[in-house]
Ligand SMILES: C[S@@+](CC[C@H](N)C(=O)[O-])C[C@H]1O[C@@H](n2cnc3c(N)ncnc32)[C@H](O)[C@@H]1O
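As structure tokens, one chain now follows by itself in the form predicted on its own.
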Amino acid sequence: MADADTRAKWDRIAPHFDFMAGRGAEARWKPFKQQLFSHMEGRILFLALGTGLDIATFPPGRDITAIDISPRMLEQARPRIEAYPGTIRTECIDVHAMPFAPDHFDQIYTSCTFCSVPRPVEGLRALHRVLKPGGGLFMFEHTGSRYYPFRYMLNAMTLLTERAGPAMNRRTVDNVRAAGFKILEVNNIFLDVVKTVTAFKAPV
């Protein structure tokens, strides 16, 4: 069953999300997302599509299942979905309650997602369940920092931002490990806050 409070929060934000995301930030991170998403192949799950801003960085011709907890976010994404030169099927689903069979997807992608999943390790374990053994998890995320003064700044910011959007201090790399994934690579893009994470589900 979907988290009603989380769904309601993102439904409220949906009409304003593109403005909140900022054109400058999207342009800045676009090359890094394109590089990460260039690995897309096989049966793909994209978690938290939102308003579809990331679709512009997808390689063409892919077969993608995209989910989001917010129906209003997916409504906002519809023009971008329809313009994509490939297949994007959308479903309004909470990551904690995905109906997909175990070992269903070849790859899973996220983009600034696990700052917002209420129970991140549980959400990552749900992704681990639906990913095939040997399959890859590819993440573009912002996280907390290990360094002074950024760690304290991000902790303080989270007291405000978490009420209306993302947490700023998540330990996402540690959470990926705790969920059972094997880390292949972590690339810091901006300090140790914005990063890409590549991991996989170990073969049985």
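Residue positions are given as counts along the sequence shown, with the first one as 1. Note that the coordinates shown come from a computational prediction; the quantities given were computed from them, not determined experimentally.
The form predicted in complex with the named molecule exists for this protein as well; it is not shown, and the discussion that follows is about that form.
Here the marked residues M40, D103 and I108 all miss the named molecule in the predicted bound form; none has a heavy atom within 4.5 angstroms.
Among residues of the shown chain, P118 is one whose heavy atoms approach the named molecule to within 4.5 Å in the predicted bound form. Although the partner is absent here, H96 sits close enough that one of its heavy atoms falls within 4.5 Å of the named molecule in the predicted bound form. At a distance threshold of 4.5 angstroms between non-hydrogen atoms, G50 is in contact with the named molecule in the predicted bound form. At a distance threshold of 4.5 angstroms between non-hydrogen atoms, L131 is out of contact with the named molecule in the predicted bound form.
A heavy atom within 4.5 Å of the named molecule in the predicted bound form is found for one listed residue only; from A126, C112, A77, I88, this is C112. Shown without its partner, the chain has G50, L53, D54, D68, I69, S70, M73 in segment 50-87 as residues with a non-hydrogen atom within 4.5 angstroms of the named molecule in the predicted bound form.
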